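Shown here is one chain on its own, the form predicted alone, set out as structure tokens.
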Amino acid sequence: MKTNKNHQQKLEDLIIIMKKSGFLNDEKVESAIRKIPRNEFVPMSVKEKAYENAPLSIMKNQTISQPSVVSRMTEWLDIREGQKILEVGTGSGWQTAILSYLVGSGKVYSIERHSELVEFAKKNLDKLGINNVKIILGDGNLGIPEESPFDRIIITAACKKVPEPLLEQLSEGGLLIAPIGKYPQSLILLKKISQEIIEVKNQPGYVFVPLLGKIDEEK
């Protein structure tokens, strides 16, 4: 889908800002951000802000994440062609679309607990002809055991700790990224090695909406 000249210039400015601030260091991720127009994944009321390096409200008290944060999480995940990815928290589908671009012949499974957002994301993905994504209405804390194991898992909402079902559904050698803790959160990258979970990276100073669901409500 073509981006109009106004959006194209704003995208170029955004990419410069991200690079100057130490984000967006991977050519494949930059290509994905260029190919997947963020303006197609936000409500009409905030379309003119689509290329600001900021989170934007979408609906149901949810947000589309800040572009620099999306680039950081995507780069840390080191996505490869043909992989199977689980995304917890579809939102508007922008991060989903970026993942789908990077896996190519692979598959992205994405869970969203709000039915309105499921429909919004599906519509956004359909506009771009993306067909390697399956969006599921459900509790992201529980993952999708019948489709596991997953090569990569990305949690796009803050949690006190990574839900155990998601760790169980991560493949041997797989990577999981999540914002962990209270406000603000730390972005943490985990790897499963010989059924043990190893912390690979930990960077503080991020803010996400909370991950909600059955496990969270039981605490």
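Computed from a predicted structure; not experimentally measured. We number the residues from 1 along the sequence you see.
Below, we turn to the form predicted together with a small molecule, even though it does not appear here.
- For the three marked residues, 29, 52 and 71, no heavy atom of any sits within 4.5 Å of the small molecule in the predicted bound form.
- Only one of 74-82, 144-152, 114-122, 100-108 places residue heavy atoms within 4.5 angstroms of the small molecule in the predicted bound form, namely 114-122.
- Of the heavy atoms in residue 209, some are within 4.5 Å of the small molecule in the predicted bound form.
- Put simply, residue 171 is far from the small molecule in the predicted bound form: not one heavy atom of it is within 4.5 Å.
- Interface membership of residue 63, defined by any non-hydrogen atom within 4.5 Å of the small molecule in the predicted bound form, is confirmed.
- Contact annotation: residue 157 falls within 4.5 Å of the small molecule in the predicted bound form, judged by heavy atom distances.
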